[in-house]
Ligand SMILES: Cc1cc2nc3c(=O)[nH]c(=O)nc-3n(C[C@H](O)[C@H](O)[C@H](O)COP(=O)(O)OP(=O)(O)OC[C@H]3O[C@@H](n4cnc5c(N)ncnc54)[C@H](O)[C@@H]3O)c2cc1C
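Next up: a single chain in structure tokens, the form predicted alone.
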Amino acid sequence: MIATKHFNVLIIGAGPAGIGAAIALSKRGIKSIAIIERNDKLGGIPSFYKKKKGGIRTFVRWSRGGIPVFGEDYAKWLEKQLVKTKVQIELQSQVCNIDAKKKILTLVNNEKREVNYSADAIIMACGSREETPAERGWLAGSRPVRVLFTKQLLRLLDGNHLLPMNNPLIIGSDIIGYAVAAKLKAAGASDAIIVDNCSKPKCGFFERLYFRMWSNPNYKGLSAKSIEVIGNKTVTGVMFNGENITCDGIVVCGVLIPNSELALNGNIKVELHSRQLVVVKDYQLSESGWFATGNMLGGFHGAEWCYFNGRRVARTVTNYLSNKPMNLEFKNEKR
């Protein structure tokens, strides 16, 4: 039988939202907190945007006057704040099963052991992922290699210092797509072609103007509402409104949906079309003692928004715990 270790609060995900919640809970006097992360480092998505010479600052510190920073620097700042607390950090630990009613998580850690953690309250800060071509519904054709998602591209560019394409085509026109176009150009690729199923880019004018310092992608709005990927072993182009556009790689960007698979696994209510968690009130989910924060709530939000949202959720969790018969010390969060 697997032994179960108990905490006041468990947090699934060590990105900006999860770390924000952990820090705020600690400042509010919650003594027993663990944060669980499947990767080998803290910081979530920002940690994949490496700081390097000639690199691009793609994360904005709105709380510091709108200063753009490297994602890696922001992730290190988050880590520095977290290690000042007594929060237990579990890296390389994958949550493989949840018992929502008993508030028990079953983890597989980097030692390839199963462990059970239970808690009085659990915060889901699992973030979001990009929709697949099939989920978008307007992408068709073959499935050759060199069709990547943003995180896969970042691992190649910043993690392995490889440029996987020279003539890129980007599907998705929000801020992520334009940031990817700039990163590819800075790495040595040509200006990208960006396509989407809308007449004008979803990325705002001032954001596009910022990324013009590195790249001037050619945007093609998709009035026909469909695009076909061409290529057998490797991608060679796309068919777009009857036009064959050549490329040697595709990046599928943006259009984020919550990572709600764990919630579904535990029978926590999820809106199946949008994959968004059903929030009953003040970040509380359908099962008592379960909460959500950050991009798990749906939509696209920057790292700073997620961090401060995590702090707001911590207030709700603290109120929930204060109404339970436990011997906890509470104090006001320092701003």
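We call the rigid core the largest set of C-alpha positions that still match within 1.5 Å between the two forms. As the structure is a prediction and not an experimental result, all values here were calculated from the model. So that there is no doubt, residue numbering starts at 1 and follows the sequence shown.
Just so it is clear, the following notes concern the form predicted in complex with the named molecule, a form of the same protein that is not shown.
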query	finding
Which of 229-237, 192-200, 121-129, 244-252 lines the interface with the named molecule in the predicted bound form (heavy atom within 4.5 Å)	121-129
One residue of Leu153, Leu139, Val87, Val95 in contact with the named molecule, assessed in the predicted bound form (non-hydrogen atom, 4.5 angstroms)	Val95
Among the candidates Lys50, Lys269, Lys27, His301, the residue which, in the predicted bound form, approaches the named molecule to within 4.5 Å (heavy atoms)	His301
Partner proximity in the predicted bound form: Leu285 to the named molecule, non-hydrogen atom cutoff 4.5 Å	no
Residue contact check: Ala100 to the named molecule in the predicted bound form, 4.5 Å heavy atom	no
Proximity of Leu222 to the named molecule in the predicted bound form, heavy atoms at 4.5 Å	no
Any non-hydrogen atom of Ala22 within 4.5 angstroms of the named molecule in the predicted bound form	no
Any residue of 50-65 that, in the predicted bound form, places a heavy atom within 4.5 Å of the named molecule	Thr58, Phe59
Val87 C-alpha relocation of at least 2 Å between the shown form and the other one, rigid core basis	no
Leu105: Cα shift of 2 Å or greater between the shown form and the other one (core-aligned)	no
Core-aligned CA displacement of Val252 at least 2 Å between the shown form and the other one	yes
